[in-house]
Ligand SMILES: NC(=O)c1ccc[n+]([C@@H]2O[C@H](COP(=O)([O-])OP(=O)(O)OC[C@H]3O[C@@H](n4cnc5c(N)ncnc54)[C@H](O)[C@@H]3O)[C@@H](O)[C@H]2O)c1
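In structure tokens, one chain follows: the form predicted on its own.
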């Protein structure tokens, strides 16, 4: 049974993972080599919990107890000592992850389950220096950002993973109100990111051909397919609409839709111009005169409201 957890990496994803486990009464060690990064993570966790309290999604009297369940540690070996489950959220660098798992194989007890948050690297490549026995207890557990708000976690069911290990991890995520997706093949991007990239490819293509501007492209998705996707999935939508209809529409449209195998030139042009989105104050939208923190807070509020309206909210900490 998993009771003590370590999260490696205190950045955007890692701090949100630790926060989520702590919200659900788990003791968590949050590791980062940088003490400044750990202090920053602690401040971010406090701010995010306060917003959840303001939105009546988390009890105010649990704030300090939740933060106190997180141990902020700058020693890798100390952070994983005695842990039942360790998940890494370190930078997306294959060599770094290979060396990290080699160290974890040495530092962790025999029963410890190891996981990676990556969706970029194949599992077997990350485990190049790991013992054969340990490989039966290592998997990919891919969270969505922001980790403390998005319900999805993709769980790998391939490689050498044992059935009972998979089930133990699945039960862990269900205990923190996450919706899990079983991924049966080790493919780049896993499931959700590939679906998302398929949508993004067509959106960029429509803009590139001058059929729509940024605001109306987002509006079409938000109030069209995205509105349905918030409550159901693609295959159920097909069943409800009629598979014969979907077949005819596919025959008519797919031949004229974008089938490019690399990033759209419109997107690449933005990147080359240094227009990277909110991080550079300009992307498809102009943020130069905007309150960036207010935009991020408003986005978080929309996700919280969506959680309240979804099946996920039933039995959550806010009830």
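Please read all numbers here as calculations on a predicted model, not as lab measurements. Numbering follows the first chain given and starts at 1.
Missing here is the form predicted in complex with the named molecule; even so, the following discussion is about that form.
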Partner-free chain; cross-checking the named molecule in the predicted bound form, the single residue of 260, 34, 280, 68 with a heavy atom within 4.5 Å is 34
Only hit among 177, 98, 119, 180 for heavy atom within 4.5 Å of the named molecule in the predicted bound form is 119
Of 136-144, 183-191, 159-167, 244-252, the segment with heavy atoms within 4.5 Å of the named molecule in the predicted bound form is residues 136-144
- Could you tell me if residue 300 has a non-hydrogen atom within 4.5 Å of the named molecule in the predicted bound form? no
Q. So in the predicted bound form, does any heavy atom of residue 213 sit within 4.5 Å of the named molecule?
A. no
* Asked: Just to confirm, residue 307 within 4.5 Å of the named molecule in the predicted bound form by heavy atoms?
  -> no
**OP:** With heavy atoms only and a cut-off of 4.5 Å, decide whether residue 89 touches the named molecule in the predicted bound form.
**Re:** yes
Within 6-20, the residues having any heavy atom within 4.5 Å of the named molecule in the predicted bound form are 9, 10, 11, 12, 13, 14
